[in-house]
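Both blocks below hold the same protein chain, though in two forms, and each is given as structure tokens: structure 1 and structure 2.
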Structure 1
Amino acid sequence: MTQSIDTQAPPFFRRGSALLVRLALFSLLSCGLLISDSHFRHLESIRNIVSVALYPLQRLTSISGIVSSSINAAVETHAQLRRENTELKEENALTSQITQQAQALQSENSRLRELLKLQGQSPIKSTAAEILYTARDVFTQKIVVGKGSHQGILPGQAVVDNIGLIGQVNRVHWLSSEINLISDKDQVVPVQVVRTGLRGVLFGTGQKDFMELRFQPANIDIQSGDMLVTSGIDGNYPMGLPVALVRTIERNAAYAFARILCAPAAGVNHYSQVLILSFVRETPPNTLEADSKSKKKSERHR
């Protein structure tokens, strides 16, 4: 009794639609996501929802940091702690002196500004935030912190550590936000050389250890070791935050510009807490834009 064997698989072995069809379907879907995210930025709401779902996970990971630091604390010896204590006391004495001077200078500065009828510097509010993790994406330099739009963080705000500027808030979710480090390839900071007062623009290179001061003439007065601080011209960063130290200067007569490499001043890679500065500066309206608009209007009227 022979039975012909069916070439088709019996229904209980079926695996849904063909593999290739599913591959095509899902890659099309991914392509759609990619295009709409990179070109139109329609998907911020999806990002927001997923980020809220991710938040407990991010919190869980920061527990690992707490555990490791508590282990460290338990292992630390009495002598170590005492040494650290004396160091901190010395540092405290030094900084309190500087703060007193700063207060006197600030009051003097505000009086002078009043006399000269210059715009006063608006006070800076700061929010402390904890770094949750470094983003895995190797193409950008990003960190994720545990404060978001719920705590009043806005995109574009400056982020500093105890030494100086480390980055700018890029994308804000409800409970967390992404920060672009100043060494990111797309990050640009307007700076000023402390020694000479020269203004320039500092570009990130995508590598964490150096940045480039571009478009400066080959005969520029700059030395290695010069400190660069934010110039405050763009209205994004408050004035005078340390940004970078000049490392090497290559002057090549074949090029119009000098190649100036700088190292970030703040610890772009080693910190656990950061401050997010909210700073509002009333900038005068952009006269060039206003002019071109009014011109267009008058042309239309004709």
Structure 2
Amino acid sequence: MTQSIDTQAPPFFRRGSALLVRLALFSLLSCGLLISDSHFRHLESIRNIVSVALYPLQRLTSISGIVSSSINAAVETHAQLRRENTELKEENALTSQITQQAQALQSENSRLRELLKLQGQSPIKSTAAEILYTARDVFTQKIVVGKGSHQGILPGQAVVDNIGLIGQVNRVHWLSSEINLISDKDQVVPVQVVRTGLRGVLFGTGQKDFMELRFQPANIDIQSGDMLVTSGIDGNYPMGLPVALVRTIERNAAYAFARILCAPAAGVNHYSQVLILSFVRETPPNTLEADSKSKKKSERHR
């Protein structure tokens, strides 16, 4: 038996009517619909139904545009607010800085007025000086001022502010001077208790907030809050300058002396202007030394 071979194309590849025929058919159909709709309005109802069906899609499209424009406006508004906030912060910082500088200048001017007033009222000649910087050694309490031997400053002169004693000139240069503060560990100030008139010696401890009144008996009549002023017996400090306030008193029967801690009365570390006092105390000749010398001479002649 012989098998016949099917030479026909599969249904998928079979061609229908020609493409030109279908194009012509659909074109005539479209023209008929256009003419029918333009003259008889047969498609008006269909158009209404389609418009109703497409209305949600139109609203969604418009809503997306509205949301997009709102987001863009919100982003621009946020960026503008951030810029304005940054500018306001900068202006606020500048205003705060100017206010602080004005307050500092006002405070410094008030202290300068008090110093000038004190300088005019004091019978002792004084020289105003500006604090340049503090000593770099952390174990000392010293400052450097912008007046030196060229302005007549001498070692040993007392240094005060508008409240009281703050130190003593230690070393003098041509245009600057080094001042030991009363809180320096090497500084010693003869003082007197205002309430009782008791004399003593106040020692610096190397700490800016504490000094110690040493070698006082445990039963000494002294109280917390007593004012200590310069006694003037050493010839370096004028009498009556406020020095310190008594803070704590420790009495122990096991020790012969009381431990008395004091705080500086003046603003040791709070001012930029000071007065250097040109105090020279005229003391009479030492009669004890004269008598001892005369005795030695008489013994030699014998």
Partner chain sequence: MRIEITRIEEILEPARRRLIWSSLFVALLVNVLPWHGWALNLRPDLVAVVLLHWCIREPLKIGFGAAWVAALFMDVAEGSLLGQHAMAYVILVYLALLLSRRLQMFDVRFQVLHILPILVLSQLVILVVRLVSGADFPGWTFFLPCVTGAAIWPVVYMSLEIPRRSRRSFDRE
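What we label the rigid core is the largest C-alpha set whose atoms superpose within 1.5 Å from one form to the other. Residue positions are counted from 1 along structure 1's sequence. None of the values given here were measured: they were computed from a predicted structure.
Of the two copies shown, the second one, structure 2, is the form predicted on its own. Shown in the overlay between structure 1 and structure 2, fitted on the rigid core, is a CA shift at Thr248 smaller than 2 Å. In the core-superposed comparison between structure 1 and structure 2, Thr196 has its Cα shifted by less than 2 Å.
Superposed on the core, the two forms differ at Glu76: its CA moves 2 Å or more between structure 1 and structure 2. Aligning the rigid core between structure 1 and structure 2 leaves the CA of Leu88 offset by 34.0 Å.
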